[in-house]
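Consider the single chain below, provided in structure tokens and representing the form predicted on its own.
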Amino acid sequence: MTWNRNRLTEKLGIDYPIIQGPLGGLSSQRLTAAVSNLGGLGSFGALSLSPEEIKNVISQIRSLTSKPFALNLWVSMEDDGAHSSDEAAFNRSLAPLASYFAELQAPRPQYRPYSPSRFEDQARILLEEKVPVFSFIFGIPPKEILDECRAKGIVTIGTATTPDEAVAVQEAGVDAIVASGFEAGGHRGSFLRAAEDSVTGTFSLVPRIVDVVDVPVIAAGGIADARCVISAFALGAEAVQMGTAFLTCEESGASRIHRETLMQRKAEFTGLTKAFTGRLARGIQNRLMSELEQERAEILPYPLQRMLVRNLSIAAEAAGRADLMPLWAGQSANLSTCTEVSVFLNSLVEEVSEIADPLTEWSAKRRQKK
């Protein structure tokens, strides 16, 4: 048995058990297709897109690759209070940001009533287009959606931040589970308990989930190089999902200033905050994160806070101000060396291949004893 051949790679139809994290709003069709063309599984985070935009993205990815790829959605797309939040709440949350807009000489955003998107409408496009792989976080899709995925041969991958969530996801009938450790960049996808109470590290989470489910487990969170990949296999994972490691690649959808900051020493320090979006997420500790955390200002429900801070992020990016932008990153960001996806992935496969096979055989034998 070799490290890159297992039941998950067979199910997905890929050469290597390496999955590019969906990266939320930092996805790109180029990166998704490039990873898939090189034998991994490219992913695209479509949470903020309309159904028509998702359809166009799928078409564009298919024009770049004939290999399997994944589309990722958020099952829970809003928090309690999003519909009832009013202009007064908007102004209270805007207040601590006002000085930043002034510093950037950018206009303050104006209040607009919330116009929600529906997960079911987004998922319908994935079903109609018969995407190869449908991955999701922040919950479990309705039974009828998962049933239709099975009927259409769409592979489903759910996300768990605790063993209890993993059991719930398996019971729903998914094909594989991402075990997302708290080292991961971006949002915590917790759904059974508060995200603050679901912050288990990858090295503890992966073996605990492997021991309570029968479907393949994909390790995620802080995985940035061959050492991390091999460690994940030793813990019983059958694949890894890497987000920040691919974010620095030129093909990613991250801005130039975001990619450059990830390659600097300051990326060594990350933190979890709700101040950027209303949901707990990990990014590089910078002036914006520190000051908003100290202010303890009122935070709008997701996605209202995300839309508010997005206005500031656009202005800061235009001004080249990394200190005033949310910069999503995992705890291993300072290990990221990728500037070109083909060089990074080929090197990763070569390094892992040198020492991974004995560990893979050991992990496979241990699973058989369960």
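As the structure is a computational prediction, the values presented were derived from the model and not from experiment. All residue numbers refer to positions in the sequence shown, first residue = 1.
Keep in mind that the form predicted in complex with a small molecule is not shown, yet the notes after this line are about it.
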One stretch from 204 to 212, 76 to 84, 286 to 294, 238 to 246 that, in the predicted complex, holds residues within 4.5 Å of the small molecule by heavy atom: 238 to 246
Close approach of residue 31 to the small molecule in the predicted complex, 4.5 Å, heavy atom: no
is_contact(residue 23, the small molecule) in the predicted complex, heavy atom dist at most 4.5 Å: yes
4.5 angstroms heavy atom contact with the small molecule in the predicted complex for residue 328: yes
Residue 170: touches the small molecule in the predicted complex, heavy atom cutoff 4.5 angstroms: no
Listed residue (251, 175, 183, 165) with a non-hydrogen atom within 4.5 angstroms of the small molecule in the predicted complex: 183
The single option of 217, 137, 229, 133 touching the small molecule in the predicted complex, heavy atom within 4.5 Å: 137
All of 117, 275 and 309 within 4.5 Å of the small molecule in the predicted complex, heavy atom check: no
